[in-house]
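Quick heads-up: it's one chain on its own, the form predicted alone, in structure tokens.
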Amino acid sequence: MTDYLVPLLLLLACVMVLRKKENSHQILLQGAADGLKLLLTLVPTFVLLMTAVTALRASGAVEIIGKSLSPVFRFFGIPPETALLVLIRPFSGSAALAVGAELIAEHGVDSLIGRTVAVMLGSTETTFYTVSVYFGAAGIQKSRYTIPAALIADFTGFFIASLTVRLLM
């Protein structure tokens, strides 16, 4: 069914445009132009965000921070091996996926670490990426309480993911 969903939506859009007798070519061009304008406002944020993540990871700062925070992770019942994932997930989904794949390959799919990583990846968000995209698109300059609230939600997701896996394993 999902294979037919996109073509069905496109067909429905074409039928609606033909029924209204509007200039579909002009509407498509206007939509593309608006999309490009939005892209131009978001590209600097993406470049900065990806550069910062790459620099932190390449310098080894993320690993050092992760190792120093391992007692905190143990206190909350979060496996310390997932520290790098927990630290990088709010910044970059692709980097977090790479870290998660490494952890799963190292510890195994059915291990406590492997299952915890899988649940963490599915229950948390790339906070800074999401905030930069949505706030950038809406033209919002100040995030005020958004970032702290989102990071608390992320930590809650990491904690509950660890707890759930331990309880169900």
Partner chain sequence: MLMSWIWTGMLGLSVIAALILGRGNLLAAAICQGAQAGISLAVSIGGSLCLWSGVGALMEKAGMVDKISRVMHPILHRIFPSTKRNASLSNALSANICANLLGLGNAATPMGIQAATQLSRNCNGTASDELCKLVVLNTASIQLIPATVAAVRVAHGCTTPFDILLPVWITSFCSAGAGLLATGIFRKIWRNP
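Numbering follows the first chain given and starts at 1. What we label the rigid core is the largest C-alpha set whose atoms superpose within 1.5 Å from one form to the other. Every value quoted in this text rests on a predicted model; they were computed, and no experiment measured them.
There is another form of the same protein, the form predicted in complex with the partner chain; it is not shown, and what comes next is about it.
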{"property": "Touches the partner chain in the model of the complex: F73 (any heavy atom, 4.5 Å)", "result": "no"}
{"property": "S92 within 4.5 Å of the partner chain in the model of the complex, heavy atoms", "result": "yes"}
{"property": "4.5 Å heavy atom contact, S59 and the partner chain in the model of the complex", "result": "yes"}
{"property": "The partner chain contact in the model of the complex: I88, any heavy atom under 4.5 Å", "result": "yes"}
{"property": "Those residues of 37-67 which, in the model of the complex, come within 4.5 Å of the partner chain by heavy atom", "result": "L38, L39, L42, V43, F46, V47, L48, L49, M50, T51, A52, V53, T54, A55, L56, R57, A58, S59, G60, A61, E63, I64, I65"}
{"property": "Core-aligned C-alpha movement of F46 between this form and the one not shown, 2 Å or more", "result": "yes"}
{"property": "Rigid core fit then L151 CA moved by 2 Å or more between this form and the one not shown", "result": "no"}
{"property": "Core-aligned CA displacement of I160 at least 2 Å between this form and the one not shown", "result": "no"}
{"property": "Distance direction in the model of the complex for the C-alpha atoms of A95 and L48, relative to the displayed form (3 angstroms or more)", "result": "closer"}
{"property": "Closer or farther: C-alpha pair F91/I64 in the model of the complex, relative to this form, given a change of 3 Å or more", "result": "farther"}
